[in-house]
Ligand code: URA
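Shown next as structure tokens: one chain only, the form predicted alone.
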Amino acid sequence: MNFINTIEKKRDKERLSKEEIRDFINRYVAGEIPDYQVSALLMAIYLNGCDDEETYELTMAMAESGDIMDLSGIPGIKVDKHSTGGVGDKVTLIAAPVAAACGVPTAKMSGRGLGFTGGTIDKLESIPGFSVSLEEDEFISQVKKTGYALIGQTKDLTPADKLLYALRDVTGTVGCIPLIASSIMSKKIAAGSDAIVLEVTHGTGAFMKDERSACELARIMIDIGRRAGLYMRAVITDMNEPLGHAIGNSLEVIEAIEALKGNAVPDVLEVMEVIIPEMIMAGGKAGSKEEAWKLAVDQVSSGRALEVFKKMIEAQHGNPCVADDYSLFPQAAVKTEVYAERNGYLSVKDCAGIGECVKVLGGGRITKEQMIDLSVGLDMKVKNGERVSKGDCLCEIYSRNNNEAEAARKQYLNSVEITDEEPVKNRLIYTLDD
């Protein structure tokens, strides 16, 4: 096919056929189409969009551009959970072992953080010795044995997505819902699970800035998954303030472990109460949300969920003793407290700005290859809307040195304010019903 014709069709707001989309993906992965032509098509898609059929065909072409995991040897309904990311989002670290403890096999691939969002893989690598790289047979064997494995994306999975994402990143076409949906869902489909529970975040600390955009992204991903024969559910969560208290890789793992011990902070618990039952029901282990949540609470209170998490760590060559001795995590050299300068209510102005503090401290990255410090971060002692008095500690900053601590302190204070009036709290959970 003449690829220029494909570009011109999308430029002129015409829809692309399955054959044109397949030709585009196959030839691009084979190196037969130059980046400058693909950039033109990406911009045409960004400006003119894709309908549901085009988005599905693009997703499947990307998924089938590389290996597709065969998880049929694992008994039961395999359930994956995906979050579009945000500041302090450590729910996957909690939900996956709880679901596995309830008998739901959880074979999960996750990504690294970029910008103000933390990556699940980075967080797990703060555990001494932990390996996020397993061969496919090891991955499957571990899920069979422990019910749970969490690794990074393999090099042979969705090569088309890797190429397209790198190009989108430098051509201003990242924020396009059809391209976001096809990128996420191509990896999920290739990863081989039977059911997917999506958490789509929106707000100043998320890629989707408003509820409408988040719902549209969720709707499209559900449509793609169902067309591919998967069980799909989605939950929309607010990310106008950080989730939980901890922001930063090792700090978030510690907060997740505390949740697995039954000590989840209120907003993290609220998300758990929605996401985890969806996973358990998707896995066929409960018939209602109430039954599923009771099962989950039983697994946490009995210590079974934490035990599953520790077995996963050990199976992936990490030190499971971190669950009982937090000093085994990487330790930041300097701890600095930030105090309230007046009485009032804490108001979070910019959630992403708080997330940027971790990047200032060396714990976030600009490029996917960048090395990061896994020990640094923030522990928020006061949440949005809470009353404070002058001199109260607002947060603790964990840093490598005093200069970075001061830069993070200024960044944090630029992202919040103390107000006389109590700020309006956004609703945290929005369920996307059929």
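In this text, residue numbers run from 1 along the sequence as written. Nothing here was measured: the structure is a model prediction, and the numbers come from that model.
One more form of this protein exists, namely the form predicted together with the named molecule; it is left out here, but the text below deals with it.
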query	finding
K187: touches the named molecule in the model of the complex, heavy atom cutoff 4.5 angstroms	yes
Partner proximity in the model of the complex: Y165 to the named molecule, non-hydrogen atom cutoff 4.5 Å	yes
Heavy atom of F207 within 4.5 Å of the named molecule in the model of the complex	yes
Proximity of I180 to the named molecule in the model of the complex, heavy atoms at 4.5 Å	yes
Candidate stretches 323 to 331, 172 to 180, 303 to 311, 134 to 142 - the one whose heavy atoms come within 4.5 Å of the named molecule in the model of the complex	172 to 180
